[in-house]
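Only one chain is shown below, in structure tokens, and it's the form predicted alone.
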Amino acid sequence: MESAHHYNRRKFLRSLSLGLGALTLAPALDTFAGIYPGSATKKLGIALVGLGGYSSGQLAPALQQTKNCYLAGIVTGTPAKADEWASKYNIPAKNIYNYSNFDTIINNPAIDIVYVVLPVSMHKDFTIRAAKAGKHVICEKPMALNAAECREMITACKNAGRMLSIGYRLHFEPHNIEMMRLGQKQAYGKLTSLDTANGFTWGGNSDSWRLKKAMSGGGALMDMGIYAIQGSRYTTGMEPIYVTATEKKTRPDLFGEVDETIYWELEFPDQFVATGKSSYNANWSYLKAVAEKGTFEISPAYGYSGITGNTTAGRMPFPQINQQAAQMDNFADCIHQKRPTIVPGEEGLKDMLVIDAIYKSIASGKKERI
């Protein structure tokens, strides 16, 4: 077995360059490196639709670090935010829209990509409208309220000849990429078990849209559990066939409309079972795999930073990167190169099929086919 000393970044990069072509979900080497030699010189303009916490705290700052794209425009229903962002990021008035005049973005060549960062109930509408306006689209996860909406979005973008990508930033994060490689390449032999969890203790506004089922589609499963579902899928490289799930609620006063904590078992081909859980009332973030000849895990696994990993061979010695910058740069490069994104709408659909089945299993009390 290789010593921890030799299990280093050089080996990681070399293994990526040699092996990722065979992986079902893993991104190419350039997604880790953040360098795209074939890119055109023109930076693509991104318009953020919805200026809530994720746009202001993560995406806008990331767009100050991107190489292939930049913050060109905004769409907001709040005039005060429009003024604030225009001043802070030097956004011209012609690139500022509201939800009523959004469709006129079709006439603006400065906007190449529309990034939908709205409550989930609005994802389908603005993705379809953006595609009809001739713009490529990034849509935040979860992709939509259900799988049926995902299919409508995919069809609309294909009919418009526009690319659709889902905001799965962790496909560009080196520790998660390594989990994909170790699991899919069976670096330690066949997987024997996989356990993953993601959650936090809700301390936010009790009036948040995330706690309104009509806007969010659900609670912690939609918001946090989707990462754990992703982790199970991209570590195994397989798609689950069945799910059994249960729900626990200790604070119905706060989580009356949405799920608080959900536990599930995903059954994959060859009778492999992965366990998972999500919560708005527990601080969880890990992805742990056990194989025939060793173990590998990341914990914390799903945050914007601070991700750490360990394997039987030693610690994963990878750097922290700006995940959102890597994600958006890669999509811009895909548009330039006319190559498919590694996180297309179909990837969002696969997660929603699992989520739909989890909610169905909770309701029926039975194992459900995905």
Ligand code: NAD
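What you see is a predicted model, and the numbers here were worked out from it, not measured in a lab. Start at 1 and count along the sequence shown; that's the residue number.
The next section is about a form of this same protein that is not shown, the form predicted together with nicotinamide-adenine-dinucleotide.
Of the candidate stretches 112-120, 183-191, 289-297, 253-261, only 112-120 has residues whose heavy atoms lie within 4.5 Å of nicotinamide-adenine-dinucleotide in the predicted complex. Interface residue among 44, 335, 60, 51, judged by heavy atoms within 4.5 Å of nicotinamide-adenine-dinucleotide in the predicted complex: 51.
Of the residues 124, 277, 210, 175, just one reaches nicotinamide-adenine-dinucleotide in the predicted complex with a heavy atom at 4.5 Å or closer; this is 210. At a distance of at most 4.5 angstroms from nicotinamide-adenine-dinucleotide in the predicted complex, none of the three residues 233, 268 and 348 contributes a non-hydrogen atom. For residue 106, no non-hydrogen atom is located within 4.5 Å of nicotinamide-adenine-dinucleotide in the predicted complex, even though that partner is not displayed. At a distance threshold of 4.5 angstroms between non-hydrogen atoms, residue 141 is in contact with nicotinamide-adenine-dinucleotide in the predicted complex. Proximity of residue 215 to nicotinamide-adenine-dinucleotide in the predicted complex: non-hydrogen atoms within 4.5 Å are present. Mapping the unseen interface onto this chain, residue 304 counts among the residues with a heavy atom inside 4.5 Å of nicotinamide-adenine-dinucleotide in the predicted complex. For the stretch 77-116, the set of residues having any non-hydrogen atom within 4.5 angstroms of nicotinamide-adenine-dinucleotide in the predicted complex comprises 81, 99, in sequence order.
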